[in-house]
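Considered here are two forms of the same protein chain, supplied as C-alpha cells in two stand-alone entries, structure 1 and structure 2.
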Structure 1
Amino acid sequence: MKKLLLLGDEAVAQGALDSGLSGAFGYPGTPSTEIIEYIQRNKAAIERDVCRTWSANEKTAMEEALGMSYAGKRTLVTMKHVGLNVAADAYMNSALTGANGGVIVAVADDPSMHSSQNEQDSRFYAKFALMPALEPSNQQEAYDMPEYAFQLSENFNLPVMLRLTTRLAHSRAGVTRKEVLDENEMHLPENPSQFMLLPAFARKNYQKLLSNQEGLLQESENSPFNQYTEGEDKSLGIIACGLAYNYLMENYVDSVCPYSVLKIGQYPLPRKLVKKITAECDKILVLEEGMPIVEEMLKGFLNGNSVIKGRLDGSLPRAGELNPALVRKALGMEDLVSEKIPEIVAGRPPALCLGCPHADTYKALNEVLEPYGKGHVFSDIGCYTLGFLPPYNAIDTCVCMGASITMAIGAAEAGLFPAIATIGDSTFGHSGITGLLDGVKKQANIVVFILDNDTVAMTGMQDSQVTGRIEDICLGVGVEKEHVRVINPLSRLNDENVKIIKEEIDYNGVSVIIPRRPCIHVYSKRKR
C-alpha cells in the first residue's frame, strides 16, 4: 500500500520498518506505546521476524538497542519522556560509544501532562548529550524521518533522537510510503574498542564527539526539515519547531503567512538560518511545544541584540500544550469566538473500572489501616494510582516508577508505622525489584503489595515481564517464604484478606502480599 492513514506513532513505526529496521525495543508509556504495538502486529515485521517484544524498562530497552547496533543492525528504541530519565545512563553514554548500525531513540513528550507526572522536554537531553535530534511537524515527516535518521546515525556513528509530542503521536493523517529498504547485514564495529568505555577510551571518544559537532551543525543547516520562508512583513519573524509549525499555519488561509518563518525539524539549532531571520526581522516569536529551549538558546548566542518573544516573556503560556488559538493570540490576531460547551457535557474524572481487582484490595487495606489514620500508603505509577480518588482515598503518594517501595523504606526508617507500598506487577518488574532488595538488606519494617492483574493495564494490556514469576523473584531477593502471601481480592473474601494483612503488618520485617486477580478486561477477553 502506497498510502496509509496513520497515527504519528504509527508513522514512525512504518517509516522505521520501511528503512530496514531489524529490532524495536521499549517499555509501554503513553503517548509512545503505539509505536511498538504497530510493529508487533505488522505483517511485514512478522514475516521478517523483526525483534518487537517489550523490555523490562526503558534502560534495558536502550541497552538492548545498543547491542543490536553493535551487531550492525538498524534499531529503534521507544519511550515516553519520563522513561528517558530511566534510560538516561545508557542514553548519555551512547553518545560516547556511538552507533554501529543506526539507532533511533523515539521519545514521546506529554505537554499538559495528559498521562504523566511532569512536562519535561526531551530536547534538553539531546542537547546535553551533544547528539542530533529530529522533530516532525506532521505525520508525513514522522514517516520520512526514520530513513533520514538511520542514515544520519550511521554517517556520524551516533544515536539520533526523534522527538514527538502527544497531539502528533495520537492524531491521524495520510502518509505516502517510500521504497522498502533491506535490513543491514550483521557486521561488528571496525574499532574493537568503540563500545569500551574505560576512561582511556572514553576520553578519546569524547573528543570525537566534540569534533563531530561542526559536522552535525552543517547537517542541520542543510537539512530538508529546517526551512526558511521569507515573508513580506519583516516586523516579526517566527521560529516554529515541530508541531508548532502546524499550529501556526492553521491560522492562515492557504497556509500563507505574511511573516518570515523558520521551520525547525532538526537539531542542533541551525545558527546561520537563525541569524538570518533575526537580522532581517524586528522581533522574533518562538513557537515550540514543551519548554523554551530554543528561546533560551537564542537569548544566549544572539547577545541580546534581538527582541525574543515566546514562553519566557509571557507571549505564550509557560506551561501546557500550544494550540492554534494560543498562537493566534501571540501573533496579535483577533480571537476566534468558540462555542460554549453545553451544560449537559460534564467532566468525568478517571476511575477504576467496574470489577477492577484493585478496588477490593483497597477496601481490605482501608479497613486494616483505619485505626492508624491517614498517611501510611506509598503508591506507584499505574491504574491503581486512581486509589487516591474517592471513594477509595487509599493511597498517599505517587512520584515515579518504583518509588513506592523505596519511599516506604525511607518512611519506615524515619519511624512511620505501618509503612505500606502498593505497586503493580509490571511496575515491580520495571523498577521495583531493586527497591525490594534494598528493603531486605536493610531489614525494613514494610509491607509491599504487588498488585498482580496479569497485564500492563494502564497502557493497553501489554504483557507483563514478571507474570508467573513474582513469588520466585521475591524469594530470590531474600523475602522469607512464610511472608510472601498471595490473596484473591474479592469482596466475599474480604474478612480472610483483612486477617492476612493484619498478620503481615504485625511482622517486624519485609512482607510481600500479592493480590492476584486478572484485570477485568483481560478476564473478559479470555472468556470470549
Structure 2
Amino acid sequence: MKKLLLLGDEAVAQGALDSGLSGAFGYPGTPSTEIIEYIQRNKAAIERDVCRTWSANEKTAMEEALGMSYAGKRTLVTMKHVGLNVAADAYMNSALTGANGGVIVAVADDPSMHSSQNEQDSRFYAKFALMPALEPSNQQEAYDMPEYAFQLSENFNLPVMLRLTTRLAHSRAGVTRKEVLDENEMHLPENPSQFMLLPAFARKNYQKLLSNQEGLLQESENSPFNQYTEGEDKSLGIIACGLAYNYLMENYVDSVCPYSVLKIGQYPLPRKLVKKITAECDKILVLEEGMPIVEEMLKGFLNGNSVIKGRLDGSLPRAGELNPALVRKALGMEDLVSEKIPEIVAGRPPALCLGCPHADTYKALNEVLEPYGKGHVFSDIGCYTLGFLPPYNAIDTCVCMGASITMAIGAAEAGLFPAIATIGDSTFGHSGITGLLDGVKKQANIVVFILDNDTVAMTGMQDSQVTGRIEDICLGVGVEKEHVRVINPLSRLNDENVKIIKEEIDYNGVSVIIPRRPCIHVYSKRKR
C-alpha cells in the first residue's frame, strides 16, 4: 500500500480512525491541534460521522470522552500539555472510574515553549494517575500506537495516555496503513458502579487501579515499543525515551552504536529491562524529551554507585527540547558546527498582523489609560497577548487561560483602579465565563474586554464556541444590559471607542466591552 505523508498529529488521528474511533474531543492548542483538524476533514470520518467538533475546553472534552467510553465506544481526547491541567480533575478521576470503550488521552507537550507558557512533562501526569502511557518515536509508531492503546485500554478498563512532543507532532513522514477496524457497538459497563465515585465505591476502584499496576508493568516489559539492543561497549548504556531515540540514532547513521540501548515507548518504565541495562553497563545516559522524570527515578535518593548522566548532572541542558547536536555532545563526540550566526542577524519575534483588530483595540485602550500609568491590564492567552510587545505595550499579565478576568477581580478587590481584563472570545468560552460570574457576584469594579475576532486565531482559525452568543452569555451571567457595549475596533472610530471605554471605566461595577471585528485571516482560511 502507498505510504501516507502525515504529521505526527495526523498519524495519531489516522491511527485512531483506523482502529474503530467513534468520537474525538478536544480543545485546540499547539502542538496538538492538527489531530482533530485532520479528523474534521477526513472523508471516512465524515461518512462515519465520527464526533469531531471542538469542545469548550479540555475538561469538557475529557468528560465528553468519558461519557462516550461509558457507552462502550472508542474515543480520543486531545489537548496540549497545559490543557491537561484544565482537564486534570476529570483526567485524574478517570483513572478510578476507568474506561468501558477504549479511551486515549493524546497530550502534546511543548518542550522549549515554542508556543506555550511552560514546558511541563505530561508523563508526570500519567505516573500521578497510575495510568499507562505511550510515547511514539516516529510517525509510524504514532499511527500504530492508537490500536495498541485502545486494546490496552479495554483490557485493563483504563484510559491510556499517548504523549507527543512538538517535533514529532509537527513533522511529516511516510506512514504505512493497516486494515480498518469496525467501531464498537454501544454497550454499557458490566459493572453498574464502575463510574460511581462515591467514597465507598471510589475506594474499591482505587484498589483495583493499584492491583492493576503489576499487570501494567508486565505489559511494559513485553511491549513492542520497549526495545533492548545490546552493544559491544559496556562502558555506557543509553536509555532513550520517545523522540530522543532518533536523536541518538542520528549520530550513528554511518556506523553502529557501540553502546547498549534501551528504547522506551511505553510506561510504566519496564523495571526488568532497566535493571538489565544498569547492571550490564558502567554508566547510564538518559535521553528524554522534556523533564528528567526517568533520570530522577533511576537516581532516587539512594543513588548507590551507579553513574546516571542526563539533564540533572549537566550532560544535557536542564530545560528545553533535545536535538541531535545536544545528544552528540552528551555522547562525548565532537561538535560539527563550522559557521556561527552572523552578528548582523536580528531577532524577529512574532507580532500582531498588519490590520489586526486587536491592535486598534489596544490603541484606544492605551489612550484612555495614559493618565493612570502602567500596570492596569490583566490579559490572557491568544494572539492578543502579543500586545505586550512594542509598539503596543498594552497589557501586563498572561498566566493561564481565563486568568485575566479573575486576576482583575482580585486586583480590584485590593484597590487597584482601573482594573481591566482583556480576553479573547475563545478564551472567554474556555474559562472566562465562570470568572465573569465571580465578578458579578462580588460586584467587582472591573472592565472586561472580550476581544471578538470571530475565531480562535492563535492556533490557526478554528471555530470559536461563543461566536454569536457573547452578549447573551454576559447578560445571562448577570452583567447589566447598559454595561455590555459592543464597539468596532477601527482606527477611524477611535474617538468614539475611547469615549465608550472612558464611560465604562467611570462606572463602578462590572462592565463588558466587546470589540468586534473579524481576524483578517478568517475569510481566507474559511474559503479554503
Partner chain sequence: MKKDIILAGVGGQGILSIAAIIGYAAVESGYYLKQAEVHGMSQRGGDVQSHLRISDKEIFSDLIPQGGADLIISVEPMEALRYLPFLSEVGWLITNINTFENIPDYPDKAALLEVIKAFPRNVALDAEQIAKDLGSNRMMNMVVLGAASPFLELNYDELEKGIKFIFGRKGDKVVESNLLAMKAGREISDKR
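Everything quoted here is computed from the prediction, not taken from an experiment. FYI, numbering is relative to structure 1, first residue = 1. The term rigid core refers to the maximal set of C-alpha atoms that superpose within 1.5 Å between the two forms.
- As for origin, structure 2 is the form predicted together with its partner chain and structure 1 is not.
- Core-aligned CA deviation for P342 between the two structures: 2 Å or greater.
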